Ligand SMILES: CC(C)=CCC/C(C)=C/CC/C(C)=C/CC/C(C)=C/COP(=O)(O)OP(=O)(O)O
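Single chain ahead, by itself, as structure tokens, in the form predicted alone.
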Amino acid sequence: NQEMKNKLHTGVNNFGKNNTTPTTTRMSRRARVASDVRQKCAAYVLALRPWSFSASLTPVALGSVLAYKLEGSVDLLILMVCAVTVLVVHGAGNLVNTYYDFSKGIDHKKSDDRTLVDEILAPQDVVMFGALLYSLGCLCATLLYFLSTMKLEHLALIYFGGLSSSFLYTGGIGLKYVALGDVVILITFGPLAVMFAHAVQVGYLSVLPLVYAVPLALNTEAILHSNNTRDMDSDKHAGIVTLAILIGPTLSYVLYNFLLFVPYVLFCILATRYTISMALPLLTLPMAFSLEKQFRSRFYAKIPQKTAKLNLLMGLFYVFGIILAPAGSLPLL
């Protein structure tokens, strides 16, 4: 009887193992696959540097709200497609920057972008993702042609001008590496993006958005300049030249202050001469003074990200200031 009980007990245990072990193994395998997929997606998002997207989204918002003040209405579908277009081209440009900085040995273990250094993604993954985003941007630009009344040649000129700039910043001839990156960013993420967003709404090109883009463009350039100032030593070691390297730490501090505070001077002029609503961006002044203090102490960690946050908030207040401005109170060319 005892022998039969032992066999029965063993059979019951084996029955439980035969039924649960494969199921547990499958569930564990699925969990690992799901975890790998999540980590991969997180790596792709991280490679895009989403903290920098304020530099592309705020110009779209500014150009659209200027169209609203001129035409009295905004096509929300065009606005969304335009935002996606600018955003994916910006993201693709960030990926190009990641690839070429790694290829030239600029990125290292202490760099802000360690996507390839830490082997979070493979170089071919970054290349394929960048090509996918550029393709998506072209698709969105094509859609804008059918949604907007803007002439094809004008749309193509601005779009491919922005796309080329995002690639040539570090790809191809690498304008960043010959101290021309600041000029590219100042033009692309300021006047060009604002004009593009305005033109697809109203259907024609205008000089007005270029003027209104100046405060935003200066503040956006402050993001790049703080980034280049932080990376001066590693950039020198890699043998490249940036504006921050050419002028040195002291003049870099002076230039950063110029880029940071001149927009507030312009907002004060607009608020006192035209409409008080343009004083809204002044609410971000405490953040600017905090950044100035950190830059002056040469503690550059996270300054680009903090400047991007300031850029987003100042841009939003700028947009709201234009929306709240009484009819006919804003300066027109």
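Not measured: the values here are computed from a predicted model. Numbers follow the displayed sequence, beginning with 1.
The protein also exists as the form predicted together with this ligand; that form is not presented, and the subsequent description refers to it.
Across the options 246 to 254, 166 to 174, 72 to 80, 199 to 207, residues that bring heavy atoms within 4.5 Å of this ligand in the predicted bound form belong to 166 to 174. Candidate site formed by 212, 266 and 318: none of these residues places a non-hydrogen atom within 4.5 angstroms of this ligand in the predicted bound form. None of the heavy atoms of residue 116 is located within 4.5 Å of this ligand in the predicted bound form. This ligand in the predicted bound form is approached by residue 158, whose closest heavy atom lies within 4.5 angstroms of it. Of the heavy atoms in residue 228, some are within 4.5 Å of this ligand in the predicted bound form. Using a 4.5 angstroms limit between non-hydrogen atoms, residue 49 touches this ligand in the predicted bound form. Between this ligand and the residues 126, 133, 216, 192, the one pair within 4.5 Å by heavy atoms in the predicted bound form involves 192.
In sequence order, 86, 89, 90, 93, 94, 97, 101 are the residues of 83 to 106 having a heavy atom within 4.5 Å of this ligand in the predicted bound form; the partner itself is omitted from this view.
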